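Before any questions on how it binds or moves, here is one chain, the form predicted alone, in C-alpha cells.
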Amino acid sequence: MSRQVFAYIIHKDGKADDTAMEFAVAARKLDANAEVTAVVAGTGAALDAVANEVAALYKTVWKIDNAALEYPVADMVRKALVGILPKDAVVLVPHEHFGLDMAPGLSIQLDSPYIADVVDFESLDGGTLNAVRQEYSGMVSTHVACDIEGGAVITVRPGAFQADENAAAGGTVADKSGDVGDLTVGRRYLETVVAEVGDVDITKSEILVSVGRGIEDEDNLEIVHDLAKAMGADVSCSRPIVDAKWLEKSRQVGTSGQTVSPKVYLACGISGSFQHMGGIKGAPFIVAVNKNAKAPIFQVADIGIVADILEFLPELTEAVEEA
C-alpha cells in the first residue's frame, strides 16, 4: 500500500500560501511513491477558490467547509483533521505561527511522532525517514531519523523547498465537510488587530534594502538609507534593529513583523533566521551581504556576497549612482 502524505494548506483572502507549491515538492522528496493529498479548511467562496487553485498542484484536494472555520482557530482545525485523517497519515504543516499552534497537539491525538522545523528530507529507508533540521538560528544542521511507518506530523519551514512553478496536476476536490463532526472547542476567534502602518508601507514596496544587526550602530544606518535612495528602494529591517529602537516596528520584516513581497530584497547584515524569512513571500530576487560565509541567508539568496556591510554598502551606493 502506498504511503499517504497530506499537506495542510494555509490561505488568506481566497489565495493559497506559497507553501502550497513548496509542499508539493517536499512531499515528492519525502516519498516519490506516496499518494499526496492537500487539505484546505475554511468556508464559503474564498475556500472554493483556494481549493480550485490547489487542485492545479495536487491530484486530490480535501475540502473542509464549516462556518466555524471562517477564521481558522488551531483547536478547530486540529479537531477536524483528527476526524478525517487515517491513523498512519504523514502530515506536512507550515512551520509558522498557525502550524506551531496546531501541529504538536495533532501529533498527540494521532499518536504519531512529531518533527519540527524541517528544512530537507535526505532519504526514506523502509519506514525510517531521515530529515534535516536547523539549530542556533541556522548555524548548525541536525540530522534526525524517525520511524514514520505509523504516520507522523512534520512542520516544514516555509521557503525550504524550491517551488515548481510549472507543476500541473489537474486534480479533483473532494468535500469532507460532513465527516468532521462537531467543531466546538474551548477557544474562539474574537478579532484581528491590524498593526499601524508607519511613514512607509513596506508591504507594498517593490524594492527593499533590509538591515540587520550587522550594521552594529544606529549612526551607521545612514549608509543604508543612502543605498536605498540610490536604488529607489524603501528601508526595512530585522527584529534586532526594532528591539534597539533604531527603526520603527512598521519596518520590521518577519513572522513577528510585516509580511512583504517585493521584486528585489537586499539583505544587509541579516543572518536569515526562519522568523525573518517567514515574512518574505512571492519569491523575490534576494541579494545577501554578510561577513559570515556560513550565514543561513546564503542558502536562499540568489546572489550572496561575503563582505562587511560597513565597507561594502558605500561602494555599492557609489556604483549604483554612477550607473
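Being a predicted model, the structure only gives us computed values, none of them experimental. Residue numbers here begin at 1 and follow the sequence given. Definition used throughout: the rigid core is the maximal C-alpha set that superposes within 1.5 Å between two forms.
Note that the form predicted together with a small molecule isn't included here; everything after this is about it.
Residues P240, Q275 and L310 are all found to lie within 4.5 Å of the small molecule in the model of the complex, as judged by heavy atom distances.
When you look in the model of the complex, the only residue of K29, K263, K59, K291 with a non-hydrogen atom within 4.5 Å of the small molecule is K291. For the options G212, P94, P72, G151, the one in contact with the small molecule in the model of the complex, meaning a heavy atom within 4.5 Å, is G212. Here the chain stands alone, but in the model of the complex its contact with the small molecule, taken as any heavy atom within 4.5 Å, falls in 249-257 among 174-182, 127-135, 249-257, 75-83. Using a 4.5 angstroms limit between non-hydrogen atoms, I270 touches the small molecule in the model of the complex.
Shown alone here, C146 lies farther than 4.5 Å from the small molecule in the model of the complex, counting heavy atoms only. By the criterion of a heavy atom within 4.5 Å, A295 is counted among the residues contacting the small molecule in the model of the complex.
Interface residue remark: E216 is counted as part of the site for the small molecule in the model of the complex, having a heavy atom within 4.5 Å. A displacement of 2 angstroms or greater separates the C-alpha positions of Y265 between this form and the one not shown, with the rigid core held in common.
The Cα position of G212 differs by 2 Å or more between this form and the one not shown after fitting on the rigid core. Once you line up the core between this form and the one not shown, the Cα of N52 stays within less than 2 Å of where it was.
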